[in-house]
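The form predicted on its own is given below as one chain in structure tokens.
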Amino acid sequence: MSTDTEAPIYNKSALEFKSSSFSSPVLVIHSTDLKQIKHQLKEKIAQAPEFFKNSPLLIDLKFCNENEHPLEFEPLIEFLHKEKLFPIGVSGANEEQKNTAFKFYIPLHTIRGAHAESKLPPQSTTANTTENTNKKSSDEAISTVENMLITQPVRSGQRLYAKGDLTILSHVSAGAEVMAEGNIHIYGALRGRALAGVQGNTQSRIFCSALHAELISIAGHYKTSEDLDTLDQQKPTQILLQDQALIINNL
């Protein structure tokens, strides 16, 4: 006989944890001058307000903490919230900044990509060991790359993410967003947003048959539609990163 204190029985699970890839802008702070930071942030947001609107944000404090006087972190967080930017992780923080992050429920985060430190394995002493290590590294690289092929148009409001290269055999509509850790190939017109090399791969490129984009980005470096008005937008185009600047060439 059941009682009111017995736990209810559910036939289906109400939740689950899944591993997924999530792309977010990384704000790398180089200065400890909060006034300068606020001014330049406002300028950046004004260039692409829809891109930054209500955006999650990862904050990298590694470089600014190399200065003699560390950055006051709490006023920066309050300013970001005021500008409708929402920090979801912080990297390179000192102890005081970590405590401030916890106060605002911001977790510590290890940022991968262009700013991440890489450690090479120790050099092998035998040819066989070197060969096995190279083979294992090659196998691991192949297993983690997930290329994606899309045969249908990408509609407004859709967001796609590929851990490798992303190939789209049709167009990308305005209001759509496509992202890849590798290259992006679009065989139709690009009218939405395209972000390649989102984990910091500066060798990534974007290719499209016609460029009418709202925003293009490679490894965090971006241009908006206002920067693309002078281009011949009806020709096949490639976008690459060179000397920290986006280069756009007709093919």
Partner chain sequence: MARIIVVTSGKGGVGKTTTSAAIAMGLAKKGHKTAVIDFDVGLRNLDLIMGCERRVVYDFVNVINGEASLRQALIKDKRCNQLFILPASQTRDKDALTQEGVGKVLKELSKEFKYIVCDSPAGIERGANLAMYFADDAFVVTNPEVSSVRDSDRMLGILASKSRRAENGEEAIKEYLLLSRYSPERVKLGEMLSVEDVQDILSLHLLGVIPESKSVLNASNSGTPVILDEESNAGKAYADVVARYLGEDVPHRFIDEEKKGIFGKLFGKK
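Positions refer to the first chain, counted from 1. What you see is a predicted model, and the numbers here were worked out from it, not measured in a lab.
This next part talks about the form predicted together with its partner chain, which is not shown.
In terms of contact with its partner chain in the model of the complex, the residue from K98, H81, R155, K163 that brings a heavy atom within 4.5 Å is R155. In terms of contact with its partner chain in the model of the complex, the residue from A174, M148, L169, I88 that brings a heavy atom within 4.5 Å is A174. Contact with its partner chain in the model of the complex, judged as any non-hydrogen atom within 4.5 angstroms, is confined among 177-185, 100-108, 155-163, 69-77 to 155-163.
Using a 4.5 Å cutoff between non-hydrogen atoms, E16 counts as a contact of its partner chain in the model of the complex.
Heavy atoms of E214 reach within 4.5 Å of its partner chain in the model of the complex, making it an interface residue.
The shortest heavy atom separation between R191 and its partner chain in the model of the complex is within 4.5 Å.
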